[in-house]
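Below you will find one chain, with nothing else, as structure tokens; this is the form predicted alone, and questions on how it binds or moves follow later.
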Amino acid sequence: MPRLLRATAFVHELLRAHLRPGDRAIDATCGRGFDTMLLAECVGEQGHVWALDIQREALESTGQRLKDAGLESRVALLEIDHATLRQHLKEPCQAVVFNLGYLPHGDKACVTRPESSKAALIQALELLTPKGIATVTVYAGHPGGREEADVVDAYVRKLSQEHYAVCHYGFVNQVNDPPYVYVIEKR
């Protein structure tokens, strides 16, 4: 019998099943580079990944992880606010990944914000190809996290079912506000 997966493991399994060599993907909040590395592995040598973050520390950590794995040629690192992603990215993609909150083991005062995350999500959905997916891992347990979660929750619940399918995955009986995931598929 399969076991229940943590939010990040669930997202990784979903991305592995969804992405193919030659695909394009965006890591809208690259953090320490774990999602970026997985995306780079999935899209293969002919694919491409754009990894965004506003923190130089995140980009350096991600860049080192990619270099150590020999995957740096597949990824463009962009020091930008995810809310401006359409100003920098124009190509359609098959997947976009968001991890909201703060950089693990980083400055906990530097967090994603409700309105910028919503703006980034709107722009990311515009870039998705039909059958493309966006994953949004929501961390509500830090200061400001609940407000951001409420904005994201309200937005995704109002997406037209004619254009998007939205799934919610997360544990409901755990303490300390465990992360949960929205998976959005463009029809």
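As the structure is a computational prediction, the values presented were derived from the model and not from experiment. Throughout, we count residues from 1 along the sequence that is shown.
There is another form of the same protein, the form predicted together with a small molecule; it is not shown, and what comes next is about it.
When the small molecule is considered in the model of the complex, Cys110 lines it closely, a heavy atom lying within 4.5 Å.
In the model of the complex, none of the heavy atoms of Leu39 sits within 4.5 Å of a heavy atom of the small molecule.
Within 4.5 Å of some heavy atom of the small molecule in the model of the complex lies at least one heavy atom of Thr29. Contact annotation: Gly33 falls within 4.5 Å of the small molecule in the model of the complex, judged by heavy atom distances.
You can rule out all but one of 122-130, 157-165, 49-57, 66-74: in the model of the complex, only 49-57 has residues with a heavy atom within 4.5 Å of the small molecule.
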